[in-house]
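Next up: a single chain in structure tokens, the form predicted alone.
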């Protein structure tokens, strides 16, 4: 599970223009990085341009999936990931990024020049959300629930084992009790025939 690129794209103009983006291409060889970076920019702009305001969609291309969310303000967010990355986490990240971006830069006139809208938080998001469990609170809670479930199963198993041991101890004590009653009766009979004067 990996995020390769996060982009904020102005999609109310044709062709769509990237306002700000951040890429993590360290997993590619040095000689491939520029062409893969260009491909991701092109993919981001293309899918953002074809996304209507309020629409969320995931487009698969080769080994990559582009998750895009178009906003009514004329801006779209794009996250390019591998196929294993959970879409819910990607859309949660997009929603967060676009909320912050439109709050920070509400004036769409600034979106015309890419250098006008620095957004350094993208670098932190691309690092934090590489592990979807760290970035998404629902996945964190799910992981904690899974861990708790495992612990509960182990506890229940040990209680059941103790219960079986208790049952065996109860059976042994019943047998011991009946044997001691028989011993008492036998001893009483034996002592009855012998009278000490």
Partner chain sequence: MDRTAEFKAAINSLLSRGQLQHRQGSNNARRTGKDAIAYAEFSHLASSIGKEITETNSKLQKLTKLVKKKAMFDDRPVEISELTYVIKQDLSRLNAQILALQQHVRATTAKGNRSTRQMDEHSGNVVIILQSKLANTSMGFKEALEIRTESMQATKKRQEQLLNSTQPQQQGQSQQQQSLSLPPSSILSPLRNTTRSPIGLVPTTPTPSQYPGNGNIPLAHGRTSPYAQPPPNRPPSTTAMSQHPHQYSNGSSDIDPYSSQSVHRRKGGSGRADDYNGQYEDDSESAGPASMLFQQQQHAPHAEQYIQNRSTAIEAVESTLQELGGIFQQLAQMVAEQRDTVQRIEANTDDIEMNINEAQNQLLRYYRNLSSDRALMIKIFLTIIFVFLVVSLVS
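Rigid core here is just the name for the largest C-alpha set that superposes within 1.5 Å across the two forms. Keep in mind that what you see is a predicted model, and the values were worked out from it rather than measured. Numbering follows the first chain given and starts at 1.
Below: the form predicted in complex with its partner chain, not depicted.
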**One residue of 142, 27, 34, 128 in contact with its partner chain, assessed in the predicted bound form (non-hydrogen atom, 4.5 angstroms)** = 142
**Item:** Proximity of residue 146 to its partner chain in the predicted bound form, heavy atoms at 4.5 Å
**Value:** yes
**Asked** Though only this chain appears here, would residue 41 touch its partner chain in the predicted bound form if you measure heavy atom gaps against 4.5 Å?
**Response** no
**Message:** Test of understanding: in the predicted bound form, would residue 95 fall inside 4.5 Å of its partner chain by heavy atoms?
**Reply:** yes
**Message:** Quick check on residue 91: any heavy atom within 4.5 Å of its partner chain in the predicted bound form?
**Reply:** yes
**Asked** Even though the chain is shown alone, can you say which residues of 143 to 169 have a heavy atom within 4.5 Å of its partner chain in the predicted bound form?
**Response** 145, 146, 148, 149, 152, 153, 155, 156, 159, 160, 162, 163, 166, 167, 169
**Item:** Rigid-core frame, C-alpha of residue 52, shift of 2 angstroms or more between this form and the one not shown
**Value:** no
**Request:** Note yes or no: does the Cα of residue 35 move by 2 Å or more between this form and the one not shown after the core is superposed?
**Result:** no
**Rigid core fit then residue 63 CA moved by 2 Å or more between this form and the one not shown** = no
